[in-house]
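Below you will find one chain, with nothing else, as structure tokens; this is the form predicted on its own, and questions on how it binds or moves follow later.
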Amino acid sequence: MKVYGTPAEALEDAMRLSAAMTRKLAVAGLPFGGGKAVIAVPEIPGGEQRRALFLRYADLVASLGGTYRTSSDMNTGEADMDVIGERTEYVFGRSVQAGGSGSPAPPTAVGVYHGIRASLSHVFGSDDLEGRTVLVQGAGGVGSPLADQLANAGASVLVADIDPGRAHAVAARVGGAALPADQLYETDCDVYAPCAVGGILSVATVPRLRCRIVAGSANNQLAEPEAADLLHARGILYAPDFVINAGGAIAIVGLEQLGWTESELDTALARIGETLRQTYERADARGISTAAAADLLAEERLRAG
């Protein structure tokens, strides 16, 4: 749910997001296609207005008869999924009390954590976070628990958010430092972890980066395909977003649809790191960007499916 300038922008975003979800589920080996919905609003609603909106949306989802199943993402959460669940069974990520598996944000953070360690291993020969500096962009549902995991593993954590208060709160909790949101590209770090909006890697922003690795949860991080080639040319390792951020989708599908145990989920989330290692090795062997290597993997699995 987001404020869009025009309906066309909302449609374009939905198509980009659905394409990424298709690749995400294919690479994760889950038996589903990919779909996404966006709710375009003039402002983010609250109270009864918000509830009424999600009931209307639930009716739309129900009308599709199970060919599309929805879940939470930007500006939505468990409470909203519970409202949708009042009208349709085709919703993932309801609260545990309402029979769901809860928010997909925490398992997304776990998957990103595994992905960061795999990326460190590829670049530095060790996945040890002790002494490494990680800049987390976005102190929300994914960025906040990710910061905790990184700090607990010994990393120095920098936090940037469009809400300075939220950035300072997370940074204080993990013993890190908060950064102004407009300084993140020029900040020296080992890992830049974008965990907010997409489209942040472009031919204009990539030359400003001062990191060795980009590995975060944001969807559609590449503003244009050329950004992936530019990252490759600069020697910056890019963790393809639809590979590293699959933890939430894996969790809700595994727990709610496939009947996984928590142990099986943990194994699947750790596998994100292994998938990234294979992607990096393929990129190196072929002399292509990691984004291109991930696209090849997705295409292979889609054809096989």
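The first residue of the shown sequence is 1; numbering continues from there. Keep in mind it's a predicted model, so treat the numbers as computed, not measured.
Keep in mind that the form predicted in complex with ligand NAD is missing from the display, and what follows is about it.
Judged against ligand NAD in the predicted bound form with a 4.5 angstroms heavy atom cut-off, the residues G115, D190 and S289 are out of contact without exception. In the predicted bound form, ligand NAD sits within 4.5 Å of a heavy atom belonging to R166.
In the predicted bound form, ligand NAD lies farther than 4.5 Å from every heavy atom of S95. Although the partner is absent from this view, N245 contacts ligand NAD in the predicted bound form, with a non-hydrogen atom inside 4.5 angstroms.
Although the partner is absent here, I162 lies within 4.5 Å of ligand NAD in the predicted bound form, judged by heavy atoms. Annotated contact segment (heavy atom within 4.5 Å of ligand NAD in the predicted bound form): 105-113, selected among 105-113, 204-212, 82-90, 119-127. Among A223, M74, A153, A177, the residue placing a heavy atom within 4.5 Å of ligand NAD in the predicted bound form is M74. In the predicted bound form, ligand NAD lies within 4.5 angstroms of at least one heavy atom of each of the following residues of 188-202: C195, A196, V197, in sequence order.
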